[in-house]
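The chain below stands alone and is given in structure tokens; this is the form predicted alone.
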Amino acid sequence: MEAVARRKAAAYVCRSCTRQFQRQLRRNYSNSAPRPDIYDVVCVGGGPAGLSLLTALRANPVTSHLRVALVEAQDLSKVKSWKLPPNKYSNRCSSLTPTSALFLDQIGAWEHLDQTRVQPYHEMQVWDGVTDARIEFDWAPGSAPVEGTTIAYMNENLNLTSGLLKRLEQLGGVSVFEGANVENITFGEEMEDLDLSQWPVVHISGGKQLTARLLVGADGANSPVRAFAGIDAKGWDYNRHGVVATLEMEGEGWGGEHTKIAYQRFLPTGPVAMLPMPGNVATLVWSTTPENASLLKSLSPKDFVAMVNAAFRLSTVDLAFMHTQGTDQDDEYSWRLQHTSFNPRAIPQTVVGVQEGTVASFPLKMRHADTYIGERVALVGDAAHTIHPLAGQGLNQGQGDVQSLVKTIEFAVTHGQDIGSIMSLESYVSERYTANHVLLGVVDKLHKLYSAGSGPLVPLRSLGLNAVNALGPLKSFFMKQAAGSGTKIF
């Protein structure tokens, strides 16, 4: 009887006591489990886009209080201390428009770049390798933008990332997880006092987990962040490789030290560009077939130099024949040059050497993500879009993304919004998606247009180049667009 009475008493414990007991159990469990390491912004990727984003957030008084973290697989200490001898240059260089350079200056990073390794250029010579139709991008009197006559600044990518890291260290307040691979990205858990079930959690090597109010993917074309967000990227491979190299020229250029000129010739296999670096150094970006790229990388320095000189001087037929030779391009070029007429001051000065170890190649692709945002996710730079290098706008597109996203985050903070919500991020994607889409499309069409070696398109494209070159105001408009200082047209 006594045992039955005890069971009846237990059965009549009040519901409020039961709920209190269950809350206590959850609280005890919660206290025993590790608390999530929560950040306002976690950026995956320590390239120019990711570093610019975090630098801009820390430099902005409105967003400087945010708790931010960087996840990067590389050893950033080596990047920060990067240094080459004055006569040696990296083969991975990019052009920065004056607009991008101004943004870097505003966030305090520009002064941390080694300015002796940054080369502004002021004119561009672009011509059709089949018809020799040409457009000369030189400023007409009174047409240059107010900030000067610079079209763009050539700069080594490592000089930029090193400068950004130095500025970021100066600002402080960033949790940096370097040499850390992203092993997984999941959602958080629902807790008694905080629901993190829709918040991204970045699992990095070493067992560390970072929970993000906003997760930014600046992690390249194969972005794990984009994959986590379920955002597709559409596009295609060009079946072309970009061959890069650091070249030694016979002089500082036809314009001398103070008027540097960039050159680009459109060949049926792809454009070849020679862009000025300080002194008598230039950087090469040659878009060509995978077979041609393989040949170029296999050549001796003397034969490689001959091929580069031929690319700017010989006919496309002569150049195609030289690509069929395994060796002796130097002798072939010397013989064919005697039978080729050209204006030497309309093309780059002669290449006399190539820096050892700088000839390399990479595949060319066009990709565009379906959107740049998801719930608590934003994409910038190559994670959002990959462009053909013929216009030299890839890095500048990423800097434009960063400027827009920082402005979006600033607005959300100022107005008490959740910086990770779709609603808060909408202005970023609306500002950047169309602009990038148009540029991607234009560059893609240019590549396809100039890949034709014969047919009705050839005279039409030549007519267009000559017309733009003859119309001063139209040419000035295109130059200002290239420099990032023109009126926005989309």
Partner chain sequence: MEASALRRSAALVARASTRNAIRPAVCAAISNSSTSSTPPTQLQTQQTRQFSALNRPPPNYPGHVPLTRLERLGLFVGSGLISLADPRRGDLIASFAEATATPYFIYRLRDAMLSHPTGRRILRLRPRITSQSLNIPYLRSLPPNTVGRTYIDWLDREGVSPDTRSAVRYIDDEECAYVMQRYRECHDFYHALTGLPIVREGEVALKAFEFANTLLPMTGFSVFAAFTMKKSEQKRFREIYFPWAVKNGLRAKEVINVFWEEELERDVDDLRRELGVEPPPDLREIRKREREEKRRRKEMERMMSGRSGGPEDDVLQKAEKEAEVVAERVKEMKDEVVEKVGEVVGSSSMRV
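Numbering follows the first chain given and starts at 1. From a predicted model like this one, the values you see are computed outputs, not experimental measurements.
There is also a form predicted together with the partner chain; it is not shown, and the following applies to it.
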- [ ] Indicate whether the partner chain has at least one heavy atom within 4.5 Å of a heavy atom of residue 332 in the predicted complex.
- [x] yes
- [ ] Report yes if any heavy atom of residue 321 sits within 4.5 Å of a heavy atom of the partner chain in the predicted complex; otherwise report no.
- [x] yes
Task: Partner contact for residue 122 in the predicted complex: the partner chain, 4.5 angstroms, heavy atom - done: no
Open item on the list: Quick check on residue 339: any heavy atom within 4.5 Å of the partner chain in the predicted complex?
Closed with: yes
- [ ] Tell me, please, which stretch of 312-320, 271-279, 191-199, 295-303 lies within 4.5 angstroms of the partner chain in the predicted complex when heavy atoms are compared?
- [x] 312-320
